[in-house]
Ligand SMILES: C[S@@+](CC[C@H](N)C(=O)[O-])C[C@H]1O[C@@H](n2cnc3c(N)ncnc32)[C@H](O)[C@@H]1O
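As a starting point, one isolated chain is supplied in structure tokens, in the form predicted on its own.
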Amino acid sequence: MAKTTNVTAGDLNYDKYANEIYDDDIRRSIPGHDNLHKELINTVREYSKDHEMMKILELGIGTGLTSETILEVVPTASLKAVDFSKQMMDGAKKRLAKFKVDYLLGDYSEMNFDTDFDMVVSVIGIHHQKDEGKRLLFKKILDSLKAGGVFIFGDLVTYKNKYKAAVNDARHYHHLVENARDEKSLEEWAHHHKFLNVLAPIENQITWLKEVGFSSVEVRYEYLNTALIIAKK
């Protein structure tokens, strides 16, 4: 099967900065990043009421920022974390040392997952899958969840309406220009967003999630090109 991930870890900004600087850059370059995480916390709290001993799979752990957010809410949960950047994973291991985490280094599009997770999480990562890769990954995620499990999917998206897509792109880049840490950071993140991202219309992704078998799909947060989708098995 052809490779569906459109980048390698070396193509991205992962290995250029210490993890704490990368976290700062993510907030500066992704409009709505903090508000997405606030809604993510609400979703985790809502779902974890009846699942104290949750098993969670995170696809693209990065620096561990999202994982830490989740595990502070459900510290009894066990987490399996996947990423294809060793530097990011090494930083996440330090950050999450007090929690129960199992780490897998590699490209999650090329992995088989266990089938007993209560929750699968991916934040700002699946947009590096080509469209067919997204569809295949959504099916793998569905199959990895227990009955009643939930997929928390935060990512960069675009829209079928070309005018809305164009305006959101413009505002996204304006946010980046206004908030970049310095000129070098602006150059790298603008290149990343313009040439390395594979954004799919949110409408298509909702359809794909339903087509693979998720019983309900809800958009919980939406701001410019940033969205949080909750899909339940």
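From 1 onward, residues are counted along the sequence shown. None of the values given here were measured: they were computed from a predicted structure.
Keep in mind that the form predicted together with the ligand is not shown, yet the notes after this line are about it.
- Per the 4.5 Å heavy atom criterion, the ligand in the predicted complex is contacted by stretch 32-40, the sole one of 180-188, 32-40, 167-175, 203-211.
- Residue V123 is the only one of V157, I141, V150, V123 with a heavy atom lying within 4.5 Å of the ligand in the predicted complex.
- In the predicted complex, the ligand stays beyond 4.5 Å of every heavy atom belonging to F99.
- For the chain shown alone, V198 is not a contact residue for the ligand in the predicted complex, no non-hydrogen atom being within 4.5 angstroms.
- Contact annotation: M88 falls within 4.5 Å of the ligand in the predicted complex, judged by heavy atom distances.
- Contact check for Y22: a non-hydrogen atom falls within 4.5 Å of the ligand in the predicted complex.
- Within 4.5 angstroms of the ligand in the predicted complex, the stretch 174-204 places no non-hydrogen atom at all.
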